[in-house]
Ligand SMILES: Cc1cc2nc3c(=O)[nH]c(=O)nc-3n(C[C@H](O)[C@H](O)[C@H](O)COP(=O)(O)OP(=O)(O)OC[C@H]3O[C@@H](n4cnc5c(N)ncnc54)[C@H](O)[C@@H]3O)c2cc1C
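Given as structure tokens, the chain that follows is alone and in the form predicted on its own.
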Amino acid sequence: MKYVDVVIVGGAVVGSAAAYFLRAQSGFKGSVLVVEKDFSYEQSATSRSAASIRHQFSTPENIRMSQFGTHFIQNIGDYLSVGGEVPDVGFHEGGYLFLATMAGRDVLEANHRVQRSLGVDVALLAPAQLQARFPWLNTSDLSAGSLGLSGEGWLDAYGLMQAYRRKAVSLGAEYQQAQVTAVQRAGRAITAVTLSDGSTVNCGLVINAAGTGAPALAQSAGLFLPVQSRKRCVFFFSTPAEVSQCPLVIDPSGAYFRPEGSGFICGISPPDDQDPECFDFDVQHGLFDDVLWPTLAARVPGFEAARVQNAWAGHYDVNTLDHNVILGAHPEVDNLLFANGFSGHGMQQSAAVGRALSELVTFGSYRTLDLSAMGWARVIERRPLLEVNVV
């Protein structure tokens, strides 16, 4: 029977980041097997995401994770080059722009203070400053805007994932296309994983990076993971409007839009009472017609002529407690590490989380960025670490 030191369940951006950082960790000498159910990644959250990175969070840990994510992407050749070839993930440092009416100004200002205290390059702009910088923007109902001046933007998420994977393989990680159907637990330890073909892999440690499949994996170990699959739709539209120097804009309604190629992409989270757990990939076209289009046209008058050219649906693995990642070991099982519940932030936090997991495996503790606040304790105690800026 096969034995592997570390089995990583899920080979998309977080699982592949963990595989890379483990194999690159000088103190780690073990074997790594990444088990991924679909090597095409066609339906993975990574491939279907809006592929953006920002520093404008309200939680210090989220800010620090994304700051490292930007550093990693900006210096990707130092980390993920293979044979002298530097990955090109097309990072466009266009910034985020969070808009607020008077009702949301206090929150925007409070977030701004936290961000500035951690060195985030962000500016708080009055409506007149917004209008001068973005003349295509309707600012009549706005009280302020928070603009990321550097370090934020969007990129090729699929390209980043493949770069992690290629580098991990070059360093000795093994990938296998299969589904882990269960983990085998004996007391406080996971001893093996069972694959969809009926085979078993004995292991020393398991990392759950299974995205929306993570709760089922946790349940097979007798643990409840408060994560659900929630559908998010992305719409690509064209417009004749001249919208120059456009950042990724977050409207007070929660709708977002940003440039993409010859047009724009946009989306919005459905209201809570219309956002059940969901696993299908059916696009909710009414969301654009009834909600997004009128919202975008009110914010950017030129978007009244917007026409949808394409649309797709993907899924967030949403932590229903507080929308923050659950990271590390459950107190009842020593060798099962979790990296789940990213709630849409997995790609941008992948570098920091991959590094953190490699430290937990190798040293039993965090060595660079202390992410203990993201652990299981607050979940078990029902003590949410709330993130205000969930997009």
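Residue numbers run from 1 along the displayed sequence. Just so you know, these numbers come straight off a predicted model, no measurement behind them.
Keep in mind that the form predicted in complex with the named molecule is not shown, yet the notes after this line are about it.
Among 118-126, 162-170, 309-317, 135-143, mark the stretch whose residues have heavy atoms within 4.5 Å of the named molecule in the predicted bound form.
The contacting stretch here is 309-317.
With the partner absent here, would 41, 51 and 234 each sit within 4.5 Å of the named molecule in the predicted bound form, counting heavy atoms only?
Each of the three qualifies.
According to a 4.5 angstroms non-hydrogen atom cut-off, is residue 179 in contact with the named molecule in the predicted bound form?
Although the named molecule is absent here, residue 179 would touch it in the predicted bound form, with heavy atoms inside 4.5 Å.
Quick one: does residue 227 come within 4.5 Å of the named molecule in the predicted bound form, counting heavy atoms only?
The answer is no: residue 227 has no heavy atom within 4.5 Å of the named molecule.
Taking the shortest heavy atom distance, is residue 56 within 4.5 Å of the named molecule in the predicted bound form?
Contact with the named molecule, no.
Would residue 252 count as a contact of the named molecule in the predicted bound form, using a 4.5 angstroms cut-off between non-hydrogen atoms?
No, residue 252 stays farther than 4.5 Å from the named molecule in the predicted bound form.
For the stretch 344-359, return the residues whose heavy atoms include at least one within 4.5 Å of the named molecule in the predicted bound form, in the order they occur.
In sequence order, 344, 345, 346, 347, 348 come within 4.5 Å of the partner.
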